[in-house]
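Next comes just one chain, in structure tokens: the form predicted alone.
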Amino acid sequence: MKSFSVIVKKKINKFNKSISIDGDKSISHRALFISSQACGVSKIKGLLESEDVLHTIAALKKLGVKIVKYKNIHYIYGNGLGSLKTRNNLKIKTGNSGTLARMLMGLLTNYAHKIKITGDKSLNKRPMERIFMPLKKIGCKFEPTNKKTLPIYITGSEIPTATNHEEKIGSAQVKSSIIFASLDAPGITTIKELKKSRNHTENILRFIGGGIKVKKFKNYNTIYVIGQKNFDAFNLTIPGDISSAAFFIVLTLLAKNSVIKLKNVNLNPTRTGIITVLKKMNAQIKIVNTKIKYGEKIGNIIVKSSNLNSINCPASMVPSTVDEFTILMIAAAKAKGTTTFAGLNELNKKESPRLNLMNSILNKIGIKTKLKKGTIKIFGNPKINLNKSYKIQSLFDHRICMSAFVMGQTFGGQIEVKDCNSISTSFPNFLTLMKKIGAKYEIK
């Protein structure tokens, strides 16, 4: 997609709207991967058609999986475990999607062909060693040997080995990759999850009768993957993505006299840290009409404009809030008092050095901060009212773009956000929905 900038010149007027958010990206990826290994034709409704997810579809098609879309339903023709079609020197492009790259490597662990995995310029800089190490224990080989980033050659094993792994990072991508690698490995693989992360992979597999069991303890979970247990195709409707809803939640909180209802949003407890944090900041947020579907909690979110207070947010909140801290920093910039977010080192390993970049953006508009070793203090200004022009470099990070857009709609001034084409990697309907609730902007 051709690069473009978005210019915001005026604050958003008050609004009272009800909207539906695009499908959950994390669940969309996982639904495609799991259905590709099922026996029969799975029907996935509401799949997010972002660039990241479209890259997953393209990768699976290249591996011989038939995927057809008809009337907003994607039909995935699975032939069971170990049914992908691989060959030596096959090249698979993963775009900007770390989720695709890491999970795909797990899925390819049982195929003894040398396959090249590559990403775009941004993804090729992001750390991959975290997934190389556990997959090597199962039987994978990576070349060049000492390389820690993409592009990389992966060669799986015809005789994969069940393993024991302690997940200390809190990475759902690493956990899911090991699960996918273990589905077709003989024996039982055990994952001790010391830092809990989003559990959509486990939920889908349990819902469809896949070879997985989860035991929950006070401070950790133990996941057992029973290898070589085939499972049948399934039907799944994907709920709205709370990470995408986050931008509308904060926009409404910071706007004047406004209300929004976000319908059918995924409320998985491993993903709702942003709601917990914002409520502690005095946000008026109500969850209604909840239900459990396919192992996931789903409901409507009602948000009203609020005067936010500061918070000391501990590192323990990071796994359930990791994708939302960019927009939480915008909320903190307009909150009363000094907000502290701790344990954010992981943000600098995302699509951009997010923590450093957000710190720079806040300083640029006059918000005082202190950044030290993954902890940022933000000195909020509830009366902020910008009257100058600012150019925001996003470094092609979709969440930086959307956070800066919300900043422009609520802080005033003229905000030009560069390279907003990256938004399409996760939330292609973002600008359309913003226009629906009254946001005004120009495309440059």
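Treat the numbers as computed from the prediction; the structure is a model and nothing was measured. Quick note: we count residues from 1 along the sequence shown, nothing fancier.
Keep in mind that the form predicted together with a small molecule is not shown, yet the notes after this line are about it.
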Check whether Arg198 has any heavy atom within 4.5 Å of a heavy atom of the small molecule in the model of the complex, and answer yes or no. yes
Hey, in the model of the complex, does Thr99 get a heavy atom within 4.5 angstroms of the small molecule? yes
Wondering, does Arg30 line up within 4.5 Å of the small molecule in the model of the complex on heavy atoms? yes
State yes or no: in the model of the complex, is some non-hydrogen atom of Gln173 no more than 4.5 angstroms from a non-hydrogen atom of the small molecule? yes
Among 163 to 171, 245 to 253, 357 to 365, 222 to 230, which stretch has residues with heavy atoms no more than 4.5 Å from the small molecule in the model of the complex? 163 to 171
To verify the annotation, which of these, Thr410, Thr56, Ser26, Ser36, has a non-hydrogen atom within 4.5 Å of the small molecule in the model of the complex? Ser26
Contact residue in the model of the complex, from Lys114, Lys334, Lys350, Lys304 (heavy atom within 4.5 Å of the small molecule): Lys350
